[in-house]
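Given as structure tokens, the chain that follows is alone and in the form predicted on its own.
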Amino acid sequence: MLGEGIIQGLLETARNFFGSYVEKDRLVTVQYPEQRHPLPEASRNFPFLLYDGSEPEAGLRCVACQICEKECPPRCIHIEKSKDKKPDFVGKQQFYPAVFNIDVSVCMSCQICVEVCPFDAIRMDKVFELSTSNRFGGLLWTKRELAKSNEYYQKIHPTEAAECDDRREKELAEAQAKAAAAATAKAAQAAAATAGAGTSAASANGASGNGAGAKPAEVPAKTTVTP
């Protein structure tokens, strides 16, 4: 029937309109900002940097590989690599960003920086009330504004954060097992070298003892008896 879809849409609108007076579930608006709908887990706005522990500078996961800077379509990320290194969560020495800036006035929240990061160091936030009167400095976020803890990440994206934590725990367990195996092999080599040195010393002492042993008895000379 021609126009059947329009009629169904009008009926649904009327049902929600009159039903909103008796059923709260049919309310399509809220009294913002006093009332707020909870945001879905998949919602995203601008990126932020993850850090572990309580110290943002020490626990920052970013290693300044600059992949996100190179892959960013609007070129809103600027990174400067540090001169020194610090240990990461598995104890490996890594660089860290001395400067990490994001110009959110240019960022289009495409999430490409999150997808290309191999260190789980950057994620998308859900905060959207970010208006400011400073159109330049207020929209250029530095490492200080971008750094947020893993606990915060677990609150806003619990499913994604749990998968990330499981993956990092496996990497840590593998690194610890590899380090333990390397330490065991090194200890075995040291023990073998010590045992070999002891055997060589014993052999040398034995050879020296054999060479300085008692001389063979002298054979007495024949005595000729004259009749």
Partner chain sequence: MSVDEMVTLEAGPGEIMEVSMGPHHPSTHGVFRMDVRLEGERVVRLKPVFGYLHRNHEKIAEHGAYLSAIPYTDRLDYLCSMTNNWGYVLAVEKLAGIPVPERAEYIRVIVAELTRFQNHAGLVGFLLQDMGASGTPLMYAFREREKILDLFESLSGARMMCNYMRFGGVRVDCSAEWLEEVRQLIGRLPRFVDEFEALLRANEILMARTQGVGVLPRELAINAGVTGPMLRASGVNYDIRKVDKYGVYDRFEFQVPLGDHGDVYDRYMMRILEMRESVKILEQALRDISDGPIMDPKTRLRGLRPKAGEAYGRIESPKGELGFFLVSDGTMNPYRYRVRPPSMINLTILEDMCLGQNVADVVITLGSVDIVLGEVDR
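Residue numbers count along the first chain shown, from 1. Treat the numbers as computed from the prediction; the structure is a model and nothing was measured.
Beyond the structure shown, there is the form predicted together with its partner chain, which is absent from this document and is the topic of what follows.
*Asks:* For a quick test of understanding: in the predicted complex, does each of Leu2, Ser43 and Val116 have a heavy atom within 4.5 Å of its partner chain?
*Replies:* Verified in the predicted complex; spot residues all in contact, yes.
*Asks:* Thinking of its partner chain in the predicted complex, which stretch from 43-51, 161-169, 56-64, 178-186 has heavy atoms inside 4.5 Å of it?
*Replies:* Among the listed stretches, the partner-contacting one is 43-51.
*Asks:* Heavy atom within 4.5 Å of its partner chain in the predicted complex: which of Ser82, Gln154, Gln111, Gln94?
*Replies:* By the 4.5 Å criterion, the partner-contacting residue is Gln111.
*Asks:* Is Glu145 close enough to its partner chain in the predicted complex to count, meaning some heavy atom within 4.5 Å?
*Replies:* Outside the cut-off, so no.
*Asks:* I'd like to know if Glu71 sits close to its partner chain in the predicted complex, meaning any non-hydrogen atom pair within 4.5 angstroms.
*Replies:* Glu71: contacts its partner chain in the predicted complex.
*Asks:* Spell out, yes or no, whether the shortest heavy atom distance between Arg75 and its partner chain in the predicted complex is within 4.5 Å.
*Replies:* Residue-level check for Arg75: yes, a contact with its partner chain.
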